[in-house]
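Here you get one chain, nothing else, as structure tokens; it is the form predicted alone.
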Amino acid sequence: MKVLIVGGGPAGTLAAINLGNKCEVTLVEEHQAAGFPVQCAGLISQPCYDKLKKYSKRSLVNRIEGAFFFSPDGNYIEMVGKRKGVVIERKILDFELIKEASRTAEIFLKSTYVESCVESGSKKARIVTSSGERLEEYDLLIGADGVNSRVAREFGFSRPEIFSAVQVELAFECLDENMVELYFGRYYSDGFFAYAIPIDSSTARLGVVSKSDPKSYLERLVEKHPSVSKRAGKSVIEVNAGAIPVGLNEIFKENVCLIGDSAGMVKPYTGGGIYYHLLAAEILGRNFPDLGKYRSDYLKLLGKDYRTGMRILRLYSKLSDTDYNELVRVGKDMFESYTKELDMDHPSSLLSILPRLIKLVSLKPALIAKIAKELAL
């Protein structure tokens, strides 16, 4: 059986790795090297890294213990969940994953998937390479080609909502080099949040995910945030931009399936996706060639987390800056012990502790009602 994978990011290469010993795999990637351009903040959970390190130990940059959650007025609370985090270098991870995939799959870089057709009774893909055009025969086509997936558009898959992201790496006085910083409020993002991910004690990746104009929100964060503006340097080391799909897409139709960002396999409340891509690739490999089982097992494992993640995402837009200030104010001394039950890969863990937290803290009734409504408590 011949499988053609379009896209050489983690979703595509992990799919190739999991299918390589089961069928004949060809992978095409439009860029000339894996990991370029970088479109990822590079924060994953420790369990995710534990699975990936057999392919890429060199990608480790820093270890994360928890997060500081900032309200718009500059106050913050510390939260440490039961899963730790790891900061990775995506350029290295992507290179080493594609190297691993090449052990069992045929890899073509600088090769663009154009469209599919039927010729002489066989399904074929038209591929444009640096040396010309060629037709690649396949039995199964896998779209791992990102948020603007050509495969998804061609075969009429529904499309998720798209958020934009901008990130800079720069000198930054971290409060703690092993703690991520998250900045909430409508002045710093439209419907999401901003962040600082430490590389070390004096360097961080500062970014904004937003429905609109993330560049302007990032400039506000760096120049006007009551805490960030005092600690951010002026010299930018690297600039990255990307798009984040929000909401799980259709996963398969007949002999075409999607994986990764093209399928909206991203945590709706954080924008992170590598762990979900890893699980999807394992499930695809385990059930191959049964695409229906691939979809059902994936939804069985993560469906509840997607639903919870979408509720948390909606809450970002419902909470006012005053609400965020209130949450941080009353939660400073009460959240820490409860948040140790939180799992950064599974947002449904929040639903088990939030009712207990609300009972403990003296929140305004209107704010309690808003949280309860959006999270369906």
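In case it trips you up, residue 1 is the first one in the sequence shown, and so on. This is a predicted model, so every value here is computed, not measured.
Not pictured, yet referred to below: the form predicted in complex with a small molecule.
Using a 4.5 angstroms limit between non-hydrogen atoms, residue 152 is distant from the small molecule in the predicted bound form. Although the partner is absent from this view, residue 6 contacts the small molecule in the predicted bound form, with a non-hydrogen atom inside 4.5 angstroms. Contact between residue 284 and the small molecule in the predicted bound form is not found at the 4.5 Å heavy atom cutoff. Interface membership of residue 111, defined by any non-hydrogen atom within 4.5 Å of the small molecule in the predicted bound form, is confirmed. For the candidate set 204, 244, 141, 228, a heavy atom within 4.5 Å of the small molecule in the predicted bound form is found for exactly one residue, namely 244. The listed set 80, 279, 251, 165 contains one residue whose heavy atoms approach the small molecule in the predicted bound form to within 4.5 Å, identified as 165. Residues of just one listed stretch (299 to 307, 218 to 226, 285 to 293, 266 to 274) have heavy atoms within 4.5 Å of the small molecule in the predicted bound form: 266 to 274.
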